[in-house]
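Heads up, the chain below is alone and in the form predicted alone; it's given as structure tokens.
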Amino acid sequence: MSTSAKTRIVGSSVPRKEGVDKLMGRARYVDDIERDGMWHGATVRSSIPRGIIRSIEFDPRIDWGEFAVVTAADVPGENHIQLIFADQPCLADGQVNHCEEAIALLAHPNKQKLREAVAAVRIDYEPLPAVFTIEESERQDVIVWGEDNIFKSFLLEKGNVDQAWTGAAHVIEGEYRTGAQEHLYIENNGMIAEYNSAHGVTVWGSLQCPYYVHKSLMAVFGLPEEKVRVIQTETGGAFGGKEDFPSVLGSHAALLAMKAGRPVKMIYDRMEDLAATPKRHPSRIRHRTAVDANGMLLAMDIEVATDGGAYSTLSSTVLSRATLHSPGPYVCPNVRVRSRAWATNTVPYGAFRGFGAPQAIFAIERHMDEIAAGIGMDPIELRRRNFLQDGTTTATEQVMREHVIMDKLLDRALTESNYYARKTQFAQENPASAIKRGIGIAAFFHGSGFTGSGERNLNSLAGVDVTSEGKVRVLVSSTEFGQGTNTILTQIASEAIGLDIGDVVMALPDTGIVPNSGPTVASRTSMVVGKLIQRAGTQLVSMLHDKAGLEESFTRAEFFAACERYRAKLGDVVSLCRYEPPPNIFWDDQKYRGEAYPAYAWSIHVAQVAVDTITYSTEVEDFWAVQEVGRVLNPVLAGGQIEGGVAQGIGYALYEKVVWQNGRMANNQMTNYIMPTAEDVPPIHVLFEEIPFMHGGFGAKGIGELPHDGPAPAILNAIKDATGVSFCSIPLMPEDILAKLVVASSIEVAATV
């Protein structure tokens, strides 16, 4: 195949690499895997939100000699999970800080006996006061963490907010709240571990970030990196929920394997997975905004508070992204954002698709509609007047050097949705109908890749090699869990080299094989890792030109013949590339200022809703998503990402409510934690604009997290359009609508008497 046909793979909807194996049932998930002599593991968990462990008692009616039993005393290295901060114990040692915290581990070959044994362990506690909300943590009546209950805080400042109020024609204030959200991946958390004193620890599991697990295992076992191996198995969904927690479960399974002297499998059922694993951070965001008589933003004073749970896990990165996205895609000369992540005695909160941006964007996009109402302006016009444009600066004073087309996206969204005609029609029909219809909008951006200096610090390494079987192999620690990593990266490699996609395979995400290309998070895979693979493929071809006589134009047979000549003379055919930051990307961590992200994806969402004023239920009837995400590498997969993100966003807005009782999730089953089904998801019209980003893989920017950001504010803006009543918290349940509409109706009746 000639290199002249370089545009036929990237940009085309080639089939998913792993699709056939999944369709035919050949894909092997962690619970499908058996090891010789394998036992099963289980966890003994805290039943109280906070307290001192007085004793651990084992019922004498159980023959404990049949079991492997692990407590904190059995941890050979550090009893801490290694994330951003190492504050979370692998196993509780002396104190528990949330319900479901792991205290002891058991393993046995018989699952039924294992369940009976878990029930036969008794923990005696001295209960301590606990806090469950941001407001309780702020009062500091109880110190959960550190000296002030704050995991992390940020201060973002631009201009002079305090001097801006005097020149304002209007000042609008609002408070906006978002709840916890469960990931609800199809496959629950699971791990298999083996331990050998000579070779160390090996774990297989359902996970996103092999090197995160690798780092924790090194610390927990006190082992050098060459004695720890982490292998991702087929993973049935993640959404951020398998970024940090597999480090906990992998460590638990490995500790049991060490104690039992045989392989151990730990698989959570759905109830345990819902109750014991991280969720999206709840938030409370307050806005105070000054605008002039023409609707131009003069000042934004924003307070962001997130609930971090009992341990910090990834709260600092979630808070940072929430901070940076809280001013929205708007120009404002004076901005101050004060943000804090608070400790409480609930399960630690973690990463979830968008991690911080959905909370912040819900607040700013609801607030923009409130500003418009307060000053008597069309919310569309208010947004249009204040959009970031080429050459303007964000709240961190990042200059918009990449082309910004928010006006074009807005025009297309309004046209495709027939926005104004529908709005007029609903206003005419609603007074006489029990079904009130409305249409609402959200405008937003999402930073691609890690924040600020994050990508420089990661210093990712990725590449390709050529196997002796005649395949190009992509070498990355980026993982596939349903989003299309395997397909996209093989498309990029085949395009860069000039081969058919069938000649390119993915290496198993195995820390014994692949380099550390960074975690599969933050909408970075196609952009950052994809660019590394593009460079590595081009570099491989150049290497074969220089060292193995490959001609400029070559066939498939000539390429692999050159690879054999190279291997015979010089050894392995491999090309690795290290991350190189784009020019003009500089971030000041101390001042919290500069280029927050190398690129942004941009979007407009429009939602049409119907509110039933008899049942007080809300249905999303139609949805339009228009976005600019750089080059669309695979249109079918890209469209699927948008549709899936919108569906999750609908759940976030209207259905998915975590019910807490004394710090424990009370509705930890799918019969009473309600997510939208196919019948609850409307037609989703997905539309793309493309402005390729030269520093992303073949022009790609981030796409996976963007579609979760906009549905909730667009839906609640549509509900206000339908009912005339503002709602500022999600999830918005029928009982919430009932309560507020009854109050609004009472006020209206009183005004007419």
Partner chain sequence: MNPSWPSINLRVNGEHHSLNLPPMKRLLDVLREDLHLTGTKEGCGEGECGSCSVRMDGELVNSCMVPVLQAQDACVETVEGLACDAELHPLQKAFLEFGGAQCGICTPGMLMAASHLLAHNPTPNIAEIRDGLAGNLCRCTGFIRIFDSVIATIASNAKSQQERNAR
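Numbering follows the first chain given and starts at 1. Since this is a predicted model, take the numbers as computed values, not measurements.
In what follows, reference is made to the form predicted in complex with the partner chain, a form of this protein that is not presented.
- prompt: Counting only heavy atoms and a 4.5 Å cutoff, which of 378-386, 452-460, 233-241, 545-553 contacts the partner chain in the model of the complex?
  reply: Careful reading of the contacts points to 233-241.
message: in the model of the complex, does every one of V161, R321 and Y592 come within 4.5 Å of the partner chain, counting any heavy atom?
response: Zero of three within 4.5 Å in the model of the complex.
message: Considering non-hydrogen atoms and a 4.5 Å limit, which listed residue (L128, I405, V636, A168) is close to the partner chain in the model of the complex?
response: Contact with the partner chain in the model of the complex is made by V636 alone.
- request: Note which of I435, V118, L570, I186 lies within 4.5 Å of the partner chain in the model of the complex, where distance is taken over heavy atoms; exactly one does.
  value: Looking at I435, V118, L570, I186 one by one, just I186 meets the 4.5 Å heavy-atom criterion.
- request: Decide whether Y29 counts as a contact residue for the partner chain in the model of the complex under a heavy atom distance cut-off of 4.5 Å.
  value: Yes.
field: M675: touches the partner chain in the model of the complex, heavy atom cutoff 4.5 angstroms
entry: M675 belongs to the contact set for the partner chain.
- request: Consider F481 of the chain shown here, and say whether it contacts the partner chain in the model of the complex, taking contact as heavy atoms within 4.5 Å.
  value: So F481 counts as contacting the partner chain.
message: Using a 4.5 angstroms cut-off on non-hydrogen atoms, would A86 count as touching the partner chain in the model of the complex?
response: Judged by the heavy-atom cut-off of 4.5 Å, A86 is well away from the partner chain in the model of the complex.
- prompt: So which bits of 645-665 sit within 4.5 Å of the partner chain in the model of the complex, heavy atoms only?
  reply: In sequence order, A647, Q648, E656 come within 4.5 Å of the partner.
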